[in-house]
Ligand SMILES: Nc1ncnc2c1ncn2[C@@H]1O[C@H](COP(=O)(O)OP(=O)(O)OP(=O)(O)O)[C@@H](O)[C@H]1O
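The chain that follows stands alone, in the form predicted on its own, written as structure tokens.
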């Protein structure tokens, strides 16, 4: 499905933010892309979706292909037409438009017949959106806005869905609902690249994961393998020491050791 090979990205012609990133999303699977703030996850997403240019970024090396066809050099709307859609970090809904107008905005590449079918299909799946279809999107709760952002991305009938931090700022129960929704979308035949800091949720829904740090992929494996990895447990799943001071010093020491090992 998606193959990213040896990708390098530079901002403002001088700042190297991705340093030879390679990853794959097989057809029909959910793949997690994990890492702290500043690791380069969003830059990787921008490169895939053709949105680097508006952020003064460019790909200087590597390739990105979908089903064997190169995506680099295409405009954002052309990449959508190839079957890639994204729900951006922070939802990025149109707050002054209604729920239905937001959904229509996501369907600009679709025919009128598909738009009518998809509106009804997603109103059935997202019942809360149907109840609020005429309401301004800015008045929705955080969880409802995230559902709207995902539904809007699905209106283009993508083969590959990119989800950038869908759990950000949401309560634990809503995060669990988002995880369930991701599974359902995948069961419908949509491949998913899930970019997350919430490693526990991401590894529960993904079959494979990649961990980024300082612009590199530092470790990858099946979700089961990553859950058992000591570094992943310590830094992403919250397993650690007991006392507060002991835990802090232990984490600081382990952080140094991990970064030295991963980034050498």
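What you see is a predicted model, and the numbers here were worked out from it, not measured in a lab. Numbering follows the first chain given and starts at 1.
Here the subject shifts to the form predicted in complex with this ligand, a form of this protein not shown in this document.
Proximity to this ligand in the model of the complex, defined as a heavy atom within 4.5 Å, singles out one entry of 199, 226, 39, 30, which is 39. Every residue in the set 46, 55 and 165 has a non-hydrogen atom no more than 4.5 Å from this ligand in the model of the complex.
Mapping the unseen interface onto this chain, residue 17 counts among the residues with a heavy atom inside 4.5 Å of this ligand in the model of the complex. For residue 120, no non-hydrogen atom is located within 4.5 Å of this ligand in the model of the complex, even though that partner is not displayed.
Remark: residue 101 does not count among the residues lining this ligand in the model of the complex, judged by a heavy atom distance of 4.5 Å or less. At least one heavy atom of residue 89 is located within 4.5 Å of this ligand in the model of the complex.
This chain is displayed without this ligand, yet in the model of the complex the stretch 31-39 from 201-209, 31-39, 216-224, 58-66 comes within 4.5 Å of it by heavy atoms. Contacts with this ligand in the model of the complex, taken as any heavy atom within 4.5 Å, map to no residue of 57-87.
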